[in-house]
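Let's start with one chain on its own, the form predicted alone, as structure tokens.
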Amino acid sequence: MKTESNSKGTDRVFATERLPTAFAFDEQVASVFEDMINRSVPGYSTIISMIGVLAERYCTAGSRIYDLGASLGGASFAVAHQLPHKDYRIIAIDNSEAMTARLAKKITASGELGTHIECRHEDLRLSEIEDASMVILNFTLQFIEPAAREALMRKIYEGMRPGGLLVISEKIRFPDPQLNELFIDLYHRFKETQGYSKLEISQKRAALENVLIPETLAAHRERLALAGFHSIDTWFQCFNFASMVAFKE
């Protein structure tokens, strides 16, 4: 059954019973994405705002910042608002046409700020990464098939400036089954406090199965280290959501 979002952009995508289908970043999701992500990811607004603060510290003059899996550009705009200089370029990439169409309109409507942001409708696995002082993967890698993740990390590393910063935020799983179950239960309780019904939680979870594939923090650290990154650690975590930083020598 098709569901409709309301005029205020409130997420009601999974509010009524529907046939099982895989989750997709289509027009229906894009139209309510800001509400969906803020109500679905604990600490999301904190992560976004602090990405801007990190950019202020690590974005070097004349460099590029890549926002991979940019969706509606939350991280891109946080960076643009925070940087004190204008000698930079933000490349916002997403493979969803619905997302990039909306992001392009946001960029145009943002005036001078938007002149520093370039929106690209691309498969980030095929995108070129060049002269980057910062790369952002904000809840993006989890949607890339696991077999392609190592090559992506190596490509990012090779395209970064020395001293560059990678920020990677992900839904994670825990190797301890008891802890994993606990944090999943706490997360579902969090979603209930955000106004989601048990039906919505259940149907979205089913839709994301085999689409969003989480990994342990240890797996992320190992892959990043193999790609060449150092000083890898978690700077934010709430339940089974975490954000990490890693640096290029």
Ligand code: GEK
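We number the residues from 1 along the sequence you see. Since the model is a prediction, treat every value here as computed from it, not as a measurement.
The form predicted in complex with the named molecule is left out here; the points below concern that form.
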> Are all three of L124, N138 and I144 close to the named molecule in the predicted complex, meaning a heavy atom of each within 4.5 Å?
Replying inline: yes
>> Which is the contacting stretch out of 32-40, 188-196, 56-64, 217-225, given heavy atoms within 4.5 Å of the named molecule in the predicted complex?
In response: 32-40
> Does at least one non-hydrogen atom of I201 fall within 4.5 angstroms of the named molecule in the predicted complex?
Replying inline: no
>> Just checking whether S71 would be counted as a contact of the named molecule in the predicted complex - the rule being heavy atoms within 4.5 angstroms.
In response: yes
> Should A207 be classed as touching the named molecule in the predicted complex when contacts are defined as heavy atoms within 4.5 Å?
Replying inline: no
> Does the named molecule come within 4.5 Å of any heavy atom of I90 in the predicted complex?
Replying inline: no
> Since exactly one of L166, I107, A132, M99 fits, which has a heavy atom within 4.5 Å of the named molecule in the predicted complex?
Replying inline: M99
>> Heavy atom within 4.5 Å of the named molecule in the predicted complex: which residues of 36-51 meet that condition, in order?
In response: I37, Y44, I48
